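Next comes just one chain, in structure tokens: the form predicted alone.
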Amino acid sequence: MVRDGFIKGDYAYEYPLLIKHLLKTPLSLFPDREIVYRDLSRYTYRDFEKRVHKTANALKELGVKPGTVVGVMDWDSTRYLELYFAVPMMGAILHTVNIRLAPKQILYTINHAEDDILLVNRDFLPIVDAIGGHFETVKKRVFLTDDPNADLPDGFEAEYEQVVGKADATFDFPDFDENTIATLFYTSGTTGNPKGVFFSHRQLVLHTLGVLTFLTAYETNGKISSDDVYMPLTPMFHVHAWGIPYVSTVLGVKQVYPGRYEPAMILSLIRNEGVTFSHCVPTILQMVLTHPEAEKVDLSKWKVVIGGAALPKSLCRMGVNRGIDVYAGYGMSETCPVLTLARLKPSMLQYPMEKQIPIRCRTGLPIIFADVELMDPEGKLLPHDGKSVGEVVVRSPWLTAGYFKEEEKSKELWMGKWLHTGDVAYFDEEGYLQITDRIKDVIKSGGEWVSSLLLEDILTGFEGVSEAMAIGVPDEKWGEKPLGVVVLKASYKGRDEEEVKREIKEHVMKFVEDGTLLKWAVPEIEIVDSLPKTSTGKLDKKVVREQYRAKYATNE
């Protein structure tokens, strides 16, 4: 008898946490549930399983084997979902190519990842034509198209549907080490080349279970179940569409893939397919809600998680006024990504909506298996007391082990055995994390920190502002001063700009009067037609900061 430990016998089966195991339950419970692609195609989970097997056999015929890197350039589609499963289940690595990077950066990621096979949507042929002559490792290209009559482009080995359609529907997906790399993708980055992050089967399975538990097990707002209808509005090339396609597949929900994000198509799918759950960055929700067709669509059953950037209270209010159950989530490329979700505590469901909105816009409560802490510059962990502000550092079983082939940057990311997010935050009295800024974005004026996120929330609260960005610009006296760069709503465009700036400042001064903001933090205002965005739809502060810092430095 063993009293002080456990002896593992060779006779026991060691169950590896592999992506293939995520498919079993939905196939037994909901084999006839649908998976839909735009208004073009639909099939059942039973069909999906066959397609995954056929895709694996087709890829094997093209030379894919364990360890092969398979790059994909596509919009959100059922093809992409098939590849989410088939490629890693073969023991190969799925590289979800960030198609919104500049062509030279896309080339860098394909070469750095050492893609062997590249699957390309016809919309991205001009990019591949421009950079393909500089590919270092790509041996074969596969064509992706919605048009069954399209000709195969020069230089392509095959068309996806043709090779999948004729492939055998049975593939023996092997067991292997659960720590095998399953996926690889590249962050957009603000300086230098994009950085690659990678995740193992074990990490993806545990992330799926962690998010699944937090979204399904607790009786409060935003709860999802097997009766929901899911449509991603975060690109599938970006952090596995936040991992929710895996979560949705485990649940066996009806899934709807919208292809390229077009507001009219999105609204049509919500109406016609009964979509009830999505996730996106703020700009996508803003785009959908302000589309002329939005007023004709019932959105009262739609649950939407906002991530990638802070959820402005004005946008949250716009959403809940349409009946949308909207709330924030937080994570980053390096964290797989979900760390927190701003779901209400059950007792808060009784709050009037105006009291709920600030809670829904918080960064959120840590989900299961996500250890989220605050750290000061000396490496000391700080209390969750509503006052202590520090950098968000995290530990979790699904965080990337580092940057792909970037050892020094990996060490910096994991300094002190904590993953450093670069975000500044505090925990409020209810235990919700509240990010106040990025370390690189905080405005330092006269030795004091001004939160750019707070300023942006205040500016977007003005009735005439549709988008806002707060940055620091050079100031001779204070070193830096705040600047608000805003885009006006259509109803305000054409008005005298100086008058509009005065009205915006009067709006901001209300927050000085109630003690939310100190007077010296009131920003100067610049009005622009549009604000630049990163490849994932976030506002690109780097571009605007460089533009206006140069302008204000010249004015000194």
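Since the model is a prediction, treat every value here as computed from it, not as a measurement. Residue indices: 1-based, along the sequence shown.
Same protein, other form: the form predicted in complex with a small molecule, not shown, and the subject of what follows.
- Stretch 329-337 is the answer when you ask which of 99-107, 120-128, 152-160, 329-337 has residues with heavy atoms within 4.5 Å of the small molecule in the predicted bound form.
- Put simply, of I357, V394, I435, A167 only one has a heavy atom within 4.5 Å of the small molecule in the predicted bound form, and it is I435.
- For the residues K140, K301, K440, K345, the 4.5 Å heavy atom test against the small molecule in the predicted bound form is passed only by K440.
- The shortest heavy atom separation between H238 and the small molecule in the predicted bound form is within 4.5 Å.
- A residue is said to contact a partner when one of its heavy atoms sits within 4.5 Å of a partner heavy atom; G308 meets this definition for the small molecule in the predicted bound form.
- Among heavy atoms of D423, some come within 4.5 Å of the small molecule in the predicted bound form.
- Within 4.5 Å of any heavy atom of the small molecule in the predicted bound form lies no heavy atom of T180.
- By the 4.5 Å heavy atom rule, the three marked residues T187, T363 and K444 all count as contacting the small molecule in the predicted bound form.
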